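Before any questions on binding or motion, here is one chain by itself as structure tokens, the form predicted on its own.
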């Protein structure tokens, strides 16, 4: 399955909408896009995993790398995920303790609050 990436802005947040499968074959594209966003000045990044069907350890590594990079730049990084199979991956790996996980983009960005 293909990987789709779309970017939009919500307030001060850059939202990267990800769709499809994030695996060893597609994760490099996700990494490149995240680095482009951060290098171009995005400091508050939200990755929306709402349309992701599969996420492997390579994809998790890309997300951890982006989190670390943003933290060193005094930025914020959050994930939007409401699919139980993906949430289970975050719980099993204890990454639910590392990433701010939100059910919606609005919750992640504080929009509508």
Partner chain sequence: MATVRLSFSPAPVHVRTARLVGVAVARRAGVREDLLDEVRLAIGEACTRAVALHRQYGLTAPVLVEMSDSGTYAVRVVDRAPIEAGLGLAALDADQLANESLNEDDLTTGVGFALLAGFVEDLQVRPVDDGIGTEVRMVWPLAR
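From a predicted model like this one, the values you see are computed outputs, not experimental measurements. Residue numbers count along the first chain shown, from 1.
The discussion below concerns the form predicted in complex with the partner chain, not included here.
query = Should residue 31 be classed as touching the partner chain in the model of the complex when contacts are defined as heavy atoms within 4.5 Å?
reply = Contact with the partner chain, yes.
message = Just checking whether residue 62 would be counted as a contact of the partner chain in the model of the complex - the rule being heavy atoms within 4.5 angstroms.
response = Yes - in the model of the complex, heavy atoms of residue 62 and the partner chain come within 4.5 Å of each other.
request  = May I ask you to state whether residue 101 is within 4.5 Å of the partner chain in the model of the complex, using heavy atom distances?
outcome  = Looking in the model of the complex, residue contacts with the partner chain do not include residue 101, since no heavy atom lies within 4.5 Å.
Residue contact check: residue 40 to the partner chain in the model of the complex, 4.5 Å heavy atom = So residue 40 does not count as contacting the partner chain.
request  = Assess the spot marked by 50, 82 and 106: is the partner chain within 4.5 Å of a heavy atom from every one of these residues in the model of the complex?
outcome  = Answer is no for this spot.
message = Need the contact residues for 67-84: heavy atom within 4.5 Å of the partner chain in the model of the complex, sequence order, or none if there are none.
response = Residues within 4.5 Å: 68, 71, 72.
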